[in-house]
Ligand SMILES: Cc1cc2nc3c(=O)[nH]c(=O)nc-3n(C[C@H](O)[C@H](O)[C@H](O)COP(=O)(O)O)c2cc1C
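Only one chain comes next, encoded as structure tokens, the form predicted alone.
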Amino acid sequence: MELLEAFKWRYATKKYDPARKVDKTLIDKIVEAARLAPTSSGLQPFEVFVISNQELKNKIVSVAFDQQIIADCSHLIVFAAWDNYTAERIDEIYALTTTEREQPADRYNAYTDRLKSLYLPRPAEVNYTHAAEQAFISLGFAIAEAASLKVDTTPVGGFINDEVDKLLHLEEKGLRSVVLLPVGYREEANDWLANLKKVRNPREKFVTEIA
């Protein structure tokens, strides 16, 4: 499906068909799109958790204001950002970069030193917020890829982050949950939003062109 047409087709699905599961090959494509998203300085300061376990999805419903879409969806993708930037994390991604590019190990030392001087003195909460912003870019890529595959998604920010962190043992990984993405197929007959017109601000209000 052409991407703009896919965007017109998609909406934040409100009722999933729990009997319909998304094939793993499609889930893998959606996750790969998230992995390929751009991030500040290429640090990719987040991870994703792909949950199909029904018991765990049900537990997350209870800490997400009883949003049934989390239980009914085929897969739940959790985006979790670094709780802080560290020298070790910055060095790790640039070690991978130089290895993959077959470059000298010290190729980016001056740049990583600059990153460390900028990030490491900042409060952890500021750095987490910055990392979370990168995760939201990845979320957008995942939603776009899903739409192109005619797979439904619903970005969910309404949940108790600390409780999701506990369920997924994120603290011990140095991560904090950012956003949830139920993935599946709409149950159109029982979804109040399915056949309503998509409404966005008109172009003349949305766009200011500066020549």
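Predicted model, so just to flag it, every value in this text is computed and none were measured. From 1 onward, residues are counted along the sequence shown.
Heads up, the form predicted together with the named molecule isn't pictured, but that's what we're talking about next.
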If we take heavy atoms and a 4.5 Å cut-off, which stretch out of 50 to 58, 144 to 152, 28 to 36, 157 to 165 is in contact with the named molecule in the predicted complex? 157 to 165
Considering only heavy atoms, tell me if residue 44 and the named molecule come within 4.5 Å of each other in the predicted complex. no
Using a 4.5 Å heavy atom cut-off, state whether residue 24 contacts the named molecule in the predicted complex. no
How about residue 203 - does it come within 4.5 Å of the named molecule in the predicted complex, if we only consider non-hydrogen atoms? no
In the predicted complex, residue 136 touching the named molecule (heavy atom, 4.5 Å): yes
Heavy atom contacts to the named molecule in the predicted complex at 4.5 Å, residues of 180 to 211 in sequence order: 193, 198, 200
